[in-house]
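Below sits a lone chain in structure tokens, taken as the form predicted on its own.
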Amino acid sequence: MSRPRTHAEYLARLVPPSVAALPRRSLLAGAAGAGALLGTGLLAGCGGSDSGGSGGKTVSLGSNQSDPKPKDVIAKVMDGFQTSSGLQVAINTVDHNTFQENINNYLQGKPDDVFTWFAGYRMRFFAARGLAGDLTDVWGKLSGMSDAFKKASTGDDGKQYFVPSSYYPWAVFYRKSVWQQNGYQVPTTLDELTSLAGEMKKDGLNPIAFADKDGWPAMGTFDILNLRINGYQFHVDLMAGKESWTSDKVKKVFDTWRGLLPLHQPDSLGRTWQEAAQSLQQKKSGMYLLGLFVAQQFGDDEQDDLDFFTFPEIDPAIGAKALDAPIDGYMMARRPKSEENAKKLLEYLGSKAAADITVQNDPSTLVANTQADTSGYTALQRKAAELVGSATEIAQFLDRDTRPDFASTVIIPALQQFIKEPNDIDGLTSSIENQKKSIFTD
């Protein structure tokens, strides 16, 4: 499954203190707004999960896949399940942004039996709070899942709470025809990237497409710069609150980014990722750092013209082998109408059959099941799979590798402030560190 429309408003802004064990000062004001949205039925769910009955022959699925392509793929996968199982699936599709904003209240109310979610910290966050069902027995029936995927699906208590379906790497995408026309070469160092961007500017292109209206895309830039400058271990320790944001290492990341900002598409805070991707598709931008889901914005006849390279090396001692490759999948409500039927659906979602349907219908993602028939992968998908396979370390993406409340209430506004005013790095990092201490010590 690809990364959908917006990922901007993060789950923890509406986490009630009783659930998140966080004081009110750590959360964004707006819980009342969540209740209002829930009251309209936008994310009320149709699971009725407090009932404990048999649930009949219908399983409800809460889906955040609201963009046309992933929404269509979900529907086809569910058709496959219905045909094979004799059960019905009621899909409750909600705009991704709304889903994210209200996920906490949703899970505490009457959520759908099964719902789309992510691996990493954000999965463990809900599992640790008893808001998700144990899927350990489902994992006992799955085949074609690697140990790495099982680890990514495991909570702090050693049980599995997640079934992965797909994943996708972040890289720098470009149109081969534009590069061939202008004689551009893939850069392998930051100096080469900067020089290339200068050439693109002279040729009338936006060197690097960029958008951060939704709050999350800039996280990808921070991630890759931190991975390239300071390495994987420092990055994950920083995300875990174990390193200081006022350190010279973090300041170097922002200073490097500041030097690259003039090469980025201007006015990014008013632009969605789709609009930035369309500037690449329309040959107005030369390259774009994003996930494989960028392919959604290209027509079927343009897929072969899309290519990528991994973000180049900055420090030779660290190299360029680490990357973001987020994992998407499914979880189960803590009390589904019928746990038996919900687990049948989850077993299917982790199967070769479901993965085969995804491969046949979505060129913008990679499937988790290793038994899937990937002969239908495009050249871009095959290259993406090779990139992930060659990575020495894989991060899940900033908002999945850290506390959700820290990502939403601190990092989003901080990065957007940096984009607007990149010269006060000391003030920026001090503010992040002070807020981090408040959140991570609660």
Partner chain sequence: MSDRPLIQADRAVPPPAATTTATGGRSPRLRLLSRTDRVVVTLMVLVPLLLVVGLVWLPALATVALSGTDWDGIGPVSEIEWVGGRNYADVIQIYPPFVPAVQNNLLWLAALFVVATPFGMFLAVLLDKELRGTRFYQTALYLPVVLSLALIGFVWQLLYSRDQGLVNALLGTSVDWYGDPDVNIWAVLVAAGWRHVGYVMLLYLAGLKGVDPSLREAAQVDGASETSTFFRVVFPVMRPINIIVLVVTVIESLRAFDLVWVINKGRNGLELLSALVTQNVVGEASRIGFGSALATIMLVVSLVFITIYLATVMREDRR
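Residue numbers count along the first chain shown, from 1. In this text, all values refer to a predicted model and were calculated from it rather than measured experimentally.
Just so you know, the form predicted together with its partner chain exists too; it's not on screen, but the next bit is about it.
Annotated contact segment (heavy atom within 4.5 Å of its partner chain in the model of the complex): 259-267, selected among 308-316, 325-333, 259-267, 136-144. When contacts are judged by a 4.5 Å heavy atom cut-off, residue 214 counts as touching its partner chain in the model of the complex. Residue contact with its partner chain in the model of the complex: residue 408 places a heavy atom within 4.5 Å of it. Its partner chain is not drawn, but in the model of the complex it has no heavy atom within 4.5 Å of residue 159.
Its partner chain is not shown here, and in the model of the complex it never comes within 4.5 Å of any heavy atom of residue 341.
Proximity of 275, 420 and 438 to its partner chain in the model of the complex is complete: all three residues have a non-hydrogen atom within 4.5 angstroms.
Checking 154, 104, 221, 296 against its partner chain in the model of the complex, a heavy atom within 4.5 Å turns up for just one residue: 104. Only one of 416, 66, 374, 378 lies close to its partner chain in the model of the complex, with a heavy atom inside 4.5 Å, and it is 416.
Between residue 393 and residue 132, the Cα spacing is smaller in the model of the complex than in the shown form, differing by no less than 3 Å.
Relative to this conformation, an increase of 3 Å or more in the Cα-Cα distance between residue 210 and residue 64 is found in the model of the complex.
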